[in-house]
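Heads up, the chain below is alone and in the form predicted on its own; it's given as structure tokens.
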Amino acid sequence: MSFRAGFVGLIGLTNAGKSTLANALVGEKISIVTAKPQTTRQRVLGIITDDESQILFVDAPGRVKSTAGLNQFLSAEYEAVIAGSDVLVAVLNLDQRKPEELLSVAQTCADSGKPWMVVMSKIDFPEPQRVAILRAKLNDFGVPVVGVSALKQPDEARELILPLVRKLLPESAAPLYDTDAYTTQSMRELAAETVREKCFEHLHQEIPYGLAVKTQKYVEDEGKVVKIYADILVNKEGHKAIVVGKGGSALKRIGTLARQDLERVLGRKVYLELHVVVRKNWATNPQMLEELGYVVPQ
């Protein structure tokens, strides 16, 4: 039996459930997840290896319409994942009220000329008639279509999706990555993303989009405790007070929850120190975007 391996891009609108699906399929938390759109900013790789295949799931930012500042990077990441993947999975969220937006994502996958399939996400959405309507509209594409609730039934999602994806992968002489790895994300990156996740979850609606996190120092070889120092960047002075909270309460809550998550991942005690720093208009500053890793390839 031939071995198969390749990159599988998860493509969809913002807040389509791509990161939740990626975590469910890999069986590990590789991507941060919140209820707010544009949580995912950079592609994240999740790796599944068995005797028959190595599936490299790429969790991409959702499709955005604006191309200014940070959105230029998000748009470039979206397009790069489509171009660089061997297989595409159109993640179509059933809570989207404009079916034409979902069909546009499917059409993008079809136009790529790559093997692809559809995953209807959030199938537990309380309007079941949408499943039949969307299936009917997808019939003309002639590709596999499955519906899942990756959040509530991750095991079922894996059972339905993984066999279909394996069939679409190209043949490969060998695995493309270390067979023991489940992601290529560094711990510095994971630390920053974990803090950003907690900020998205616990701050006012408008704050997270003007916020970024940078790990300034990561020390794991000086004793039993991993020491992490990170800056939370905001673009307005007034936002700093909100992130810190009365008597430091908001920042303390964010730090505690992020530390607990990181300790679960690392299996070690973590000392996490956070500072809130104002960097006005960082999302449109090329130098700041580069420092944060939001760089559009030339």
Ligand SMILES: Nc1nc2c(ncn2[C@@H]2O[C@H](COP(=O)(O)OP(=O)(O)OP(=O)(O)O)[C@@H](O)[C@H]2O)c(=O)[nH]1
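Residues carry their position along the shown sequence, with the first being 1. Everything quoted here is computed from the prediction, not taken from an experiment.
Omitted here: the form predicted together with the named molecule. The next part is about that form.
Novice: Check A83, L88 and T108: does every one of them have a heavy atom within 4.5 Å of the named molecule in the model of the complex?
Specialist: No, none of the three is in contact.
Novice: Determine whether any heavy atom of T34 comes within 4.5 Å of a heavy atom of the named molecule in the model of the complex, and answer yes or no.
Specialist: Heavy-atom contact with the named molecule at 4.5 Å: present for T34.
Novice: Even though the partner isn't displayed, in the model of the complex is I161 close enough to the named molecule, meaning a heavy atom within 4.5 Å?
Specialist: Flag for I161 set to no.
Novice: Consider L151 of the chain shown here, and say whether it contacts the named molecule in the model of the complex, taking contact as heavy atoms within 4.5 Å.
Specialist: Within the cut-off, so yes.
Novice: Is there a non-hydrogen atom of E101 within 4.5 angstroms of a non-hydrogen atom of the named molecule in the model of the complex?
Specialist: Looking in the model of the complex, residue contacts with the named molecule do not include E101, since no heavy atom lies within 4.5 Å.
Novice: With the partner removed from view, which of 120 to 128, 224 to 232, 162 to 170, 178 to 186 is the stretch that lies within 4.5 Å of the named molecule in the model of the complex, judged by heavy atom distances?
Specialist: Only one stretch passes the 4.5 Å heavy-atom test: 120 to 128.
Novice: Within 8 to 26, which residues come within 4.5 Å of the named molecule in the model of the complex, counting heavy atoms only?
Specialist: L13, T14, N15, A16, G17, K18, S19, T20, in sequence order.
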